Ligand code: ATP
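Have a look below at one chain only, the form predicted on its own, in structure tokens format.
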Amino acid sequence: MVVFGGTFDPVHVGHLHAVDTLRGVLRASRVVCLPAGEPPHRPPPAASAAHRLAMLQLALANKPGWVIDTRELDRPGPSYTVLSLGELRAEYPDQPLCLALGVDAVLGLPRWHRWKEVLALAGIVVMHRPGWSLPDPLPAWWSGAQLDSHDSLPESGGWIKVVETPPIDVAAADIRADLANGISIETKVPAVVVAYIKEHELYGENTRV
């Protein structure tokens, strides 16, 4: 099971293509998307939880095997990943949990709430895009947990695996800036999400959230 969290502010093609690649490489039957309610490590989302959830639902409507888990939207307080992983581990005790993160997020793990428990609860799948460099040397906590490319995935947590993902240079912050400046986002966001953003006037000068 691939667990993919984020603010999805908005969801974009970079999210979808990268995780589709991970799912294929890992032969995962399910992707669980965890939209954050109150992200503790970044500024509050620009769009409301309701809008972000609606856009995610539209983007995933025709993607079998992808499910949206709203526990972080429903839970009051900061959206700590360790809480969600603990709950998922209890619900799916016999399935490997693969937490999908970008290189920068993995390097920032020691600043996460109860980060060692995050590593213990799930394996970390690093979405490594061409052109990005891994640190050399790797931090000791990373190098000690890293799997070789041919290793099978343990059912328990505590491992890290690097997977090459498509070189799609898309970021939600850039999309919001494009919208604020009247620049087209048609190639960066699913068409149904573009239509939703336009209908609700999100991210522009007259944003309604």
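Only a predicted model underlies this, so the values are computations on that prediction, with no experimental measurement involved. Residue positions are given as counts along the sequence shown, with the first one as 1.
Note that the form predicted in complex with adenosine-5'-triphosphate isn't included here; everything after this is about it.
Trainee: If contact means any heavy atom within 4.5 Å, which of 93-101, 135-143, 72-80, 114-122 contacts adenosine-5'-triphosphate in the predicted complex?
Mentor: That would be 93-101.
Trainee: Applying a 4.5 Å heavy atom distance criterion, does Arg42 contact adenosine-5'-triphosphate in the predicted complex?
Mentor: Because a heavy atom of Arg42 falls inside 4.5 Å of adenosine-5'-triphosphate in the predicted complex, the answer is yes.
Trainee: Residue-level contact is defined here as any heavy atom of the residue lying within 4.5 Å of adenosine-5'-triphosphate in the predicted complex; does Met127 satisfy this criterion?
Mentor: Yes, Met127 sits close enough to adenosine-5'-triphosphate in the predicted complex that at least one of its heavy atoms falls within 4.5 Å.
Trainee: Is Ile168 close to adenosine-5'-triphosphate in the predicted complex, meaning a heavy atom pair under 4.5 Å apart or at it?
Mentor: Yes, contact at 4.5 Å.
Trainee: Since only the chain is shown here, I'm wondering whether Ala172 would be in contact with adenosine-5'-triphosphate in the predicted complex (any heavy atom pair within 4.5 Å).
Mentor: Heavy-atom contact with adenosine-5'-triphosphate at 4.5 Å: present for Ala172.
Trainee: For the stretch 136-153, I need every residue with any heavy atom inside 4.5 Å of adenosine-5'-triphosphate in the predicted complex, listed N to C.
Mentor: Residues within 4.5 Å: none.
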